[in-house]
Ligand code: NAD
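Just the one chain here, the form predicted alone, laid out as C-alpha cells.
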C-alpha cells in the first residue's frame, strides 16, 4: 500500500474522466461526483472512478477509503452485475498510500484500528457478489495493485507498470497484497516481486498471471465488456504453483530468500524483507490466515525507527524533486569531453530524450563513448525507443554542435587554464542565452568564471559517478550567476530525471567535502597498518552501502588525491593529512577499479578482490570514519553551502548512499544526540588529530 515516486513516471497528457471510461460515449447517467470518487451507472454495470482531489496522482488515505466504503454500501444494496474500478488520473490507477499519514505513528490500538478499517474496505471489494473488474493504466503499485487484486479480473492498459515498492520504505504490502498475490500467481515470483520492490510492465504482468488482459486504450471498452460477460479467463498461477505454497516448499524457499536478502539488506538494519519471508513461511498455506497475519506484521513494522527513517528518506527525495519543477527549456545538450564522466552525462541526457552532441578531439574516446551509450540504451530501452536514443547521441570531433546547443556541459580534466580556454571558445560560438556549465568536482566556480564575458549564465552542474546509478546532481551557484540561468539549470536536471541540489560555490561543494574526511581517514588508517577489509567492514556494519577503501578505488585514487589537495588548500579547517602511500599509487598509475589495481586488486567484472576480515571491527572504528563525515556536513550547513539540514540529509542519502535507514547524517546525529556527537569528536581529536575537532555548528543547535 506504499508508493515510490520513481514508479510514477507516465505521460502527463490532460484527459477527462469521460475519456478514461472508454473511447465510446456511454449511456446512462452522467455520474455522481463525491470528493474523491465518481460513481457512474451504465445499465447493470456501475463504474467507481478514483479521482482524489487536489493531487495529480491517486493515493489512498482515510478519506478516500471512507468514501469508497460508503459507495460500497450502495453497491451492495443494488442489483449490479458488474462493478468496474478505474482512475480519472492521467498518471495512472493509483500509487498506493499517502505516506504522510504514516509519519510519526506509534504502535497501539489506534494504529491497529486504522489498518483494520482500510483492510475491511478492500475485503468488501473482494466479497462483492457482482463481478468486479479493475481497469488499470500507468502507475498501479502498492495499494493500487492491492485494490486491483481484490477484483475478479484485471484489465491492464499497455502502458501500465505494476508492483509492490513497500520494501523500499521499510514495509511490505498491508492491504492483503501479500496473501492475494502469493495465491494468484506462482508464489516464488510473487515473493521476488515484493522483496525487490521492482515494477513490471503490463506484458510481464500478463505472463506472470497478475493481469488477465492487456489492451491499448482504444480497446479498453471492449475488454471491459468481455470481462463483464465472463469471456476473459483468469490467468492464474499455472501448473504446480499450489505445491510451492505447501509448508516444506515455503521453508526451503524461505531459507534461500533470507540468504539473498542478507546480501543486500542486513536484518538488523532492514527488517521488512525478513518479516515478509516469515509471514509467507508461517501462513502462506492459507490465504485467510495470511490476510489476518499480514495486518499484524504491517502494524509491527510501521513504527520502527528504521521504517520511519526510510519514509523520511522518501520525502527527502520528493523535496529534492521540487527543486527541478517547471518547464524545461533545454532540448540540445553539447558535452565537451568524452572521458568517463562526459560520456556518461551525454548518454544519460540522450536516454532521457535530449539531443546530444559530444565533442572530443580524440576519436578513440568518442568511439568508446558511443559504445557505452549504446550499451546503456540497450539496457534501458526497447525497440524503436532504443534506435531513437542511438540517433540522439552524436559524436562531434569539431564541435559543430555548439552552434545549436541550449546548454553546454564542460567535462574536461580538472585544470583551470584548460577550462578557461574552453569557455572562451564556447562564448565565441553560442548565443547569449545559452547556459554554460561545468562538471568540476573540486575547482572554485568563482575563479573559473573570471574572464567570461557573461559569467551570469555560467553554473556548476556536478554529476556523480556512475551517472546512471546516482540520482543526485549538485547545481552550483557562484557569486555572479543570474537567478534565471540558475533556475533553468535546476529545471534541466529535473527534466532528465535527476535530483537537483542547489549549493553555493565552495571547496568540494557538499558531497565531496563530506566524503573526503571519510575516505581520508580510511587512507590514514591503512598507513597505520590497519587491514583495508576491516575498515570497510566497520563502515558497512554502520550501514554504508560500500566501505571507504572500496569507494576510493571506485572513485579513482587520482580523483581522490585531486579533491583532497583542493580541499586542503581551499578550506580554513584542517583536513586529514594526505598519506604518502596515496601519492605513490597515483604516480604508479594504480588508480583503482579503472586500472585494475589500487588499494584493492579488481577482477575483470569490476569486483574488488578482498581477503577475509582478520579481526572484527568495533564501534570506535566506525565513529572514527563516520563522525568526521557528519561533521563536514555540519560545517557546510554552518557556512551556508547548503540551505538546511533536510537538504543536506537528502544529498548524502541520494548522493553517497549514506545509510538511509538512519535518515541521513544530521538525523542520525539528532537521534544520537548532538552533544554526544560533539564530545566524541573532541575525544577523537585528542587521539587522531585536529581534523576531528567538531565544527561550530554543533554549539549553535
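Residue numbers count along the first chain shown, from 1. Remember, it's a predicted structure, so these values are computed and weren't measured experimentally.
Absent from the display: the form predicted together with nicotinamide-adenine-dinucleotide (NAD). The rest refers to it.
287, 186, 340, 308 - the one with a heavy atom within 4.5 Å of nicotinamide-adenine-dinucleotide (NAD) in the predicted complex: When nicotinamide-adenine-dinucleotide (NAD) is considered in the predicted complex, the option within 4.5 Å is 340.
Sole residue of 396, 471, 98, 414 within 4.5 Å of nicotinamide-adenine-dinucleotide (NAD) in the predicted complex, by heavy atom: Of 396, 471, 98, 414, the residue with a heavy atom within 4.5 Å of nicotinamide-adenine-dinucleotide (NAD) in the predicted complex is 414.
4.5 angstroms heavy atom contact with nicotinamide-adenine-dinucleotide (NAD) in the predicted complex for residue 336: Heavy-atom contact with nicotinamide-adenine-dinucleotide (NAD) at 4.5 Å: present for residue 336.
Any non-hydrogen atom of residue 492 within 4.5 angstroms of nicotinamide-adenine-dinucleotide (NAD) in the predicted complex: Result no; residue 492 lies far from nicotinamide-adenine-dinucleotide (NAD) in the predicted complex.
Partner contact for residue 553 in the predicted complex: nicotinamide-adenine-dinucleotide (NAD), 4.5 angstroms, heavy atom: Output for residue 553 is no: heavy atoms all beyond 4.5 Å of nicotinamide-adenine-dinucleotide (NAD).
Residue 361 within 4.5 Å of nicotinamide-adenine-dinucleotide (NAD) in the predicted complex, heavy atoms: Residue 361 belongs to the contact set for nicotinamide-adenine-dinucleotide (NAD).
4.5 Å heavy atom contact with nicotinamide-adenine-dinucleotide (NAD) in the predicted complex for all of 365, 440 and 462: Answer is yes for this spot.
nicotinamide-adenine-dinucleotide (NAD) in the predicted complex: contacting segment from 340-348, 68-76, 104-112, 199-207, heavy atom within 4.5 Å: Selected range: 340-348.
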